[in-house]
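Single chain ahead, by itself, as C-alpha cells, in the form predicted on its own.
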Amino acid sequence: MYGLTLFNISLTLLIYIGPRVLYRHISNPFTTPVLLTTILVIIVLRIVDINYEQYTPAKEWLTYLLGPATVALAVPMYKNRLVIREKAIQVSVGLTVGSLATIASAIGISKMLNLSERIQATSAVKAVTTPVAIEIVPIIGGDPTLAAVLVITAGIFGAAFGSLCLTLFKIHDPISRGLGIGTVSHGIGTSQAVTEGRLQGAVSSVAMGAAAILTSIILPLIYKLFN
C-alpha cells in the first residue's frame, strides 16, 4: 500500500516537471502546467490500471501540501502590500462586482439550461476555493462533492485561459489581471498568476481569500433572489 502511494506521488511529481519545462519554451493555454499535468496523470493512471481509490492516499498527501503552499502566497502579498494598499478602493470594488457577477452568471446560465435546482445551487460556488465551497454549498441545497469538481474545473480553466482572455480584452494592468484571476479561479489560478509576476500573484492571493469570505456572506442572500 505504501509502495503504491509513493509510486503515485512520484509519478505525479515527475509528470508535473515535464509540463513546467515545456511551458517555459511554449507558453499557451494548452501547455499550462496544471491543465497538461492533470490530463497526463489521468492518461497514465488509466494505462497502468490504477483506479481512483488506489490513488486517493497519494492525493491526500499532495492535498496536505496545499496548506504550506497557500501560506507561501503571503510572501509576495507582503512584499507588495504598499501598492495593494494604494489601490484598496479599486480592488474592493472590482472584487465585489466580480464575485456578484460570477454567482449571478452561474445561476443564470444553469436556469437557462433548465438544470436541476441542486446543480444550480452547486454551480454558484464554482469560483470559491474548495474548502469554503464545500462548507457553504449545503446551506443553499447544493452537493459538496459536485461543488469540489466544479471548483477544481473552474480553477484549471481559469489558470489555462484566464490570462489569454484578459489579454484579448486588452487588460494589461498587473493589479487588474491578478484581481480577475484570483476572484474567479482561486488557488489554481493564483498559482498561474504568480508566473506572470509577483504583483499579479500578490493581488490574486488577496482576491482569492477576500472572494471566499465575501461569497460565503452574500451567496445565501443572492440565491434567494433567484428562487
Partner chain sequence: MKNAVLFLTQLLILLAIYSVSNYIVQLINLPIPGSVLGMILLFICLSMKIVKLNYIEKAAEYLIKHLALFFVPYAVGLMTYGDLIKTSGWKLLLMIVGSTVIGLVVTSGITQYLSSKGTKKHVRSDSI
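Residue numbers count along the first chain shown, from 1. Nothing here was measured: the structure is a model prediction, and the numbers come from that model.
There is another form of this protein, the form predicted together with the partner chain, and it is not shown here; the text below is about that form.
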property: Contact test in the predicted complex: Arg118 vs the partner chain, heavy atoms, 4.5 Å; result: no
property: Exercise: Asp173 in contact with the partner chain in the predicted complex, heavy atom 4.5 Å; result: yes
property: The partner chain contact in the predicted complex: Val149, any heavy atom under 4.5 Å; result: yes
property: Tyr23, heavy atom within 4.5 angstroms of the partner chain in the predicted complex; result: no
property: Those residues of 2-33 which, in the predicted complex, come within 4.5 Å of the partner chain by heavy atom; result: Thr12, Leu13, Tyr16, Arg20
